[in-house]
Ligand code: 0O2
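Just the one chain here, laid out as structure tokens, in the form predicted on its own.
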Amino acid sequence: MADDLSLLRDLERRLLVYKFAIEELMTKLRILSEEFDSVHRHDPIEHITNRVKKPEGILEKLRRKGLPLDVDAIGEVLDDIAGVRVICPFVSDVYRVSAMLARQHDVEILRTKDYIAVPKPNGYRSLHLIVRIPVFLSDRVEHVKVEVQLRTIAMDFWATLEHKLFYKYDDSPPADFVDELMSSAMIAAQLDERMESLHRRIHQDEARQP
């Protein structure tokens, strides 16, 4: 018990740098959002949320995966300690924001998982990035990993409710329930396609205007 308390205190101190990394990334995203809206009269970001895992959750995950309880090495073995979720109006905006982030010289894209192009078996769709952000401290610079999830409003609606509904079944829902969730994911994807088509039509009409 004493060892756990000591580990948790060390983790709390270590997590401060992840909080700073999120603040750095949030600033970048807000600037991109405001500047793009000013230039193109379209904001590619609807809203942004963020979180840093709690020390207890990190400790539990390390033990569950059989990983060493080394506070200084958690950034090497875990990618999701810090997370930012970017909600975009349209699918094209998801890729646009991802590309704008990738062009920034101090944002390193470590990994990309495109669950929009290839959805998960349950129908989940989103674009996941693991990025590394420099955090400038008083005596050093630390390069910190942040998980970035980019998704549309429709994708976020489905994923949020899917999580809540699965929780009610303790992650073991009946087969027909899973089928219905998959069907609703397809409807959300079709809605994204239709709204994207309308979005393109508006821009084409604007381009034709004198």
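All values derive from a computational prediction rather than experimental measurement. Residue positions are given as counts along the sequence shown, with the first one as 1.
Omitted here: the form predicted together with this ligand. The next part is about that form.
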In the predicted bound form, does Arg85 have a heavy atom within 4.5 Å of this ligand?
yes
So in the predicted bound form, does any heavy atom of Val144 sit within 4.5 Å of this ligand?
no
So in the predicted bound form, is this ligand close enough to Arg96 to count as touching (4.5 Å, heavy atoms)?
no
Answer for Lys28 alone: is it within 4.5 Å of this ligand in the predicted bound form, judged on heavy atom distances?
no
Which one of these stretches, 145 to 153, 28 to 36, 42 to 50, 172 to 180, sits within 4.5 Å of this ligand in the predicted bound form when only heavy atoms are counted?
145 to 153
Three-residue site Lys65, Asp80 and His128 fully in contact with this ligand in the predicted bound form at 4.5 Å by heavy atom:
yes
Taking this ligand in the predicted bound form, which residues along 103 to 136 bring a heavy atom to within 4.5 Å of it?
Lys113, Tyr115, Lys120, Asn122, Tyr124, His128
